[in-house]
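Only one chain comes next, encoded as structure tokens, the form predicted on its own.
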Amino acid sequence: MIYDLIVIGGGPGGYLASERAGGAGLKTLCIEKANVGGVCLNEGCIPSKTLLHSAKVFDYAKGGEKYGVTAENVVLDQGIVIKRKDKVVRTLVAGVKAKLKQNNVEVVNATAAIKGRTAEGFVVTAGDSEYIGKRLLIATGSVPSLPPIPGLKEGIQSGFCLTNKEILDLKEIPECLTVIGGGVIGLEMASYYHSVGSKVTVIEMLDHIAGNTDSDISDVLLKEYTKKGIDFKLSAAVVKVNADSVVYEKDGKTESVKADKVLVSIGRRAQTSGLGAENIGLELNRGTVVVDDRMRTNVAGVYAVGDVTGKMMLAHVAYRQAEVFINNILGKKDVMRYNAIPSVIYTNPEVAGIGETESTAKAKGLDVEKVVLSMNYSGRYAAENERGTGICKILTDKKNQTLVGVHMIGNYASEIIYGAAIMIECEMRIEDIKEIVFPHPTVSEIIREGIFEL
């Protein structure tokens, strides 16, 4: 059997590309070693947000007095939370499978490897079978990075140390949770487990949390969670993991923190091990598949999308990359752009940002004007957030009078940021943005308020 397209990996980029290819009449095979939906749907985006919503409801129930609502004996049942998470995942995975079937995509559950190339196409093995594809799309995703810290491997084997996968399945709330890494995954899980009763410590090598998030925003988030009781050890390097503690160095001193569980969340790396890239001369750069702005690799007929490209490890980037790939193989010229990619941290409060930060703008030599507003300028935010400390930061290019960056912390930030994405992607002038009518009262009006401060 010869396929028009073989897709290796059934995560967001892989399954969307498969759906679109099948829907366009291409004979398509999608090979996925686990469940379709990939890490995002099964072990990441969706299950973590399901847990975080339960925590948010729990937080509101416990703190309702300031809104005139009093509740007694409020408890969270972790078992029910996990069952609901599993149900949500099953439902969405079933939906993806149905879409693939609807678009005549053949799905094989097995680990795939590239064997080579013949006159007929690319030969891919999966289990005991071989398949041939005229085109090949690599969408193998990423896996957690596990540094060579003494004791970490043994901790993973014993279940004392967890990755993003295992932390989502805990049936009991650990009394003490230590998180190695203050990036997106670490902060979201720190947020959840703190809300539901764990004593949480976050150890981060950098002098700030939230990675590349705008510094003003990450500072607010740090203050919020420090005030809530999370203990942050910044500029600290983990040097050893014991059977019941984590040892780290900070300011030249060696210290340790006791833990019942440890979450290791220091980043992810592209999954290309065992792929067989060398069998077709596929170019890799530090383990990632090298692609151009049309998602083409150095091998004609071979493409890659998603985390495996190492561009931006976000599901929505994989979706857009898949669209660019499909458009190009169907004859519609399209290119991938990364200047208007939203990023979100689903803590409580939420963090969202897009475009340039002050530091990236400075590095590029952009002359920017900034406005920083309290989210309380929004009537709805003030009505729903008693003593809310959220802010919205807007950056504009002085020369071109266009919006180049929006960063905010506060509830609904994740649902608002797409509007800023449109403005930046379309290179809208500030004067044009001022003519947009925002619904009132909404938190999104904070962008309008900021624009009129310029």
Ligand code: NAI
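If you're wondering where the values come from, they're calculated on a predicted model, not measured in any experiment. The first residue of the sequence shown is number 1, and the count goes up from there.
Note that the form predicted together with this ligand isn't included here; everything after this is about it.
Participant: Could you check which residue among L137, I354, V289, I180 gets a heavy atom within 4.5 Å of this ligand in the predicted bound form?
Facilitator: Only one listed residue qualifies here, and that residue is I180.
Participant: Just give me the single entry in M375, L314, V302, L162 that has a non-hydrogen atom within 4.5 angstroms of this ligand in the predicted bound form.
Facilitator: For this set of options, the contacting one is L314.
Participant: Using heavy atoms and a 4.5 Å limit, would one call Y225 a contact residue for this ligand in the predicted bound form?
Facilitator: Flag for Y225 set to no.
Participant: Indicate whether this ligand has at least one heavy atom within 4.5 Å of a heavy atom of V238 in the predicted bound form.
Facilitator: Yes, V238 sits close enough to this ligand in the predicted bound form that at least one of its heavy atoms falls within 4.5 Å.
Participant: Indicate whether E188 is a 4.5 Å heavy atom neighbour of this ligand in the predicted bound form.
Facilitator: Residue-level check for E188: yes, a contact with this ligand.
Participant: Quick one: does S265 come within 4.5 Å of this ligand in the predicted bound form, counting heavy atoms only?
Facilitator: Yes, S265 is a contact residue.
Participant: When this ligand is placed as it is in the predicted bound form, which of 366-374, 169-177, 86-94, 306-314 ends up with heavy atoms within 4.5 Å of it?
Facilitator: The contacting stretch is 306-314.
Participant: Of 85-115, which residues get within 4.5 Å of this ligand in the predicted bound form if you count heavy atoms?
Facilitator: Result: empty, none.
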